[in-house]
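Okay, so here's just one chain, in C-alpha cells, the form predicted alone.
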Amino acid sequence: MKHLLSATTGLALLISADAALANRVFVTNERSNDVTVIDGETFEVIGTYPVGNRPRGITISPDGTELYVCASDDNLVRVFDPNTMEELHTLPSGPDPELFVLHPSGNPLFIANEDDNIVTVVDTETHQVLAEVPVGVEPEGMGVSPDGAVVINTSETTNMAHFIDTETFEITANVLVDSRPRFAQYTADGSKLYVTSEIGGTVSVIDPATQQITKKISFEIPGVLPEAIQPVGARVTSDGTKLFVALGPANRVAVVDARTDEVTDYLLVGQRVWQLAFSPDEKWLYTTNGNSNDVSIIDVEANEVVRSVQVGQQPWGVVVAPD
C-alpha cells in the first residue's frame, strides 16, 4: 500500500522531511482510515494520510525511523516512514490488532489480538512471529516495564492484568482488577503500575514487585453521571509526580498526584477522550477525542487546556516522535 501523496498535504510533508522529526504528532483516525500529522511546535496540521482500515493503536521506534499502526480491520500492523508517510512494509499481527507496545530496545513488538485472546510477539527486524501468548478474553491494554523485562496485557472480559516475561513469553502473574481494563502504564522508575478499568470506573495501583493492588483511584465529577466516567488511556510524567487519566465520555482528563495517588483536578477536553501522549519534553499532553474529531493540547505544568486541533473522523491513538 504505497501512498501517492496529495498535492497539498503531501508537498507540505515532503518539504519538511529534512526538518527535525521531533515533536511531530501522529493521530490515528479510526473511522476515516487515516493518520493526521500535527506540527508539535505550531500545532498546525501538516497533512492527513491513508494508513489502512480502522487504524487504532500507534507507536514509533525509539530512533524515530519507523511508525507502527494497528490496521485492525486489515489484520496487519502497517509500518511507515514518519517523514514521508510512505509505507515501508507490514508485520503479521494476528486478527484484529488493537493496541501494542514496543520493547524499549525497539524489538520485539507485543500486539493484543482481541478476537483470538492472544498476545502476538513479532520481531520488528525479521518480521517473523516469535510467539503467541494465550491470555484472557478480549485482550486490549498493553504496557511494558522500563527495563523491558515484563510486558503487561489487560483482558477486558476476564478483568485481569497479565504479567508476561519478555524472555520466555510466559505469564508469570495474573492480577484481578475492576471491570473492563483498558490500559497499563508503569512509572518511569518501575515502582508502580497503573491499570485503568473503563466500566469499573477506577485505576488500580499495582506494586510490580509483589503483583499486589495497593490502592484504587476513583473519580467524582460534579454534574457528570458516574457511569459516564470511564477511565481509558493513562500517562504518568517521568518524574513520577503527575498521572493523567482519560475519562472517556465524561469528556475530562483527571490529574492525579502520582506521589499520593489522589485526584487533584479535572480538565475539560473534547468529546469521548480516549488516548494520551506527551511531547518529548513533557511540556504538552495530547488527547484524542473520538466524538468531537479533535485533539486537545494540555499544558502539563499549568494543568490547562490551551488548544484544540481538528483531525480526522473518530481519532483514537496518538504518538509523538522522539527527540
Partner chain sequence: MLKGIIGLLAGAAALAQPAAAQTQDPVLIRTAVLRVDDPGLPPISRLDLPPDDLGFAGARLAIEDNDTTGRFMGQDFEATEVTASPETAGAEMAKLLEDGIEFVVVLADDAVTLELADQVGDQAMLLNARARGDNLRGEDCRFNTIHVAPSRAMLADGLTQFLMWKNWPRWFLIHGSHPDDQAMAEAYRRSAEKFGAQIVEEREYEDTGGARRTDSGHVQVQAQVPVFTQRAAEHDVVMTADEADVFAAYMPYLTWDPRPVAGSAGLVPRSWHPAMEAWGGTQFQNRFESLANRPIREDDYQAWLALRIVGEAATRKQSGDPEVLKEFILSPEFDVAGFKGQALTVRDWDHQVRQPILLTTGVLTTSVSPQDQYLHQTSQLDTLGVDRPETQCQFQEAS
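Predicted, not measured: the structure shown is a model, and the values here were computed from it. Positions refer to the first chain, counted from 1.
Just so you know, the form predicted in complex with the partner chain exists too; it's not on screen, but the next bit is about it.
With the partner omitted here, the stretch from 119-127, 77-85, 136-144, 234-242 that lies within 4.5 Å of the partner chain by heavy atoms in the predicted complex is 136-144.
For residue 259, no non-hydrogen atom is located within 4.5 Å of the partner chain in the predicted complex, even though that partner is not displayed. In the predicted complex, at least one heavy atom of residue 180 sits within 4.5 Å of a heavy atom of the partner chain. Contact annotation for residue 206: none of its heavy atoms lies within 4.5 Å of the partner chain in the predicted complex. Residue contact check for residue 283: none of its heavy atoms lie within 4.5 Å of the partner chain in the predicted complex.
The contact residue chosen from 115, 220, 189, 165 relative to the partner chain in the predicted complex is 115, the criterion being a non-hydrogen atom within 4.5 angstroms. This chain lacks the partner; the member of 251, 230, 185, 93 within 4.5 angstroms of the partner chain in the predicted complex by a non-hydrogen atom is 230. Applying a 4.5 Å heavy atom cutoff to the partner chain in the predicted complex picks out 156, 157, 158, 159, 160, 162 from 152-166, in order along the sequence.
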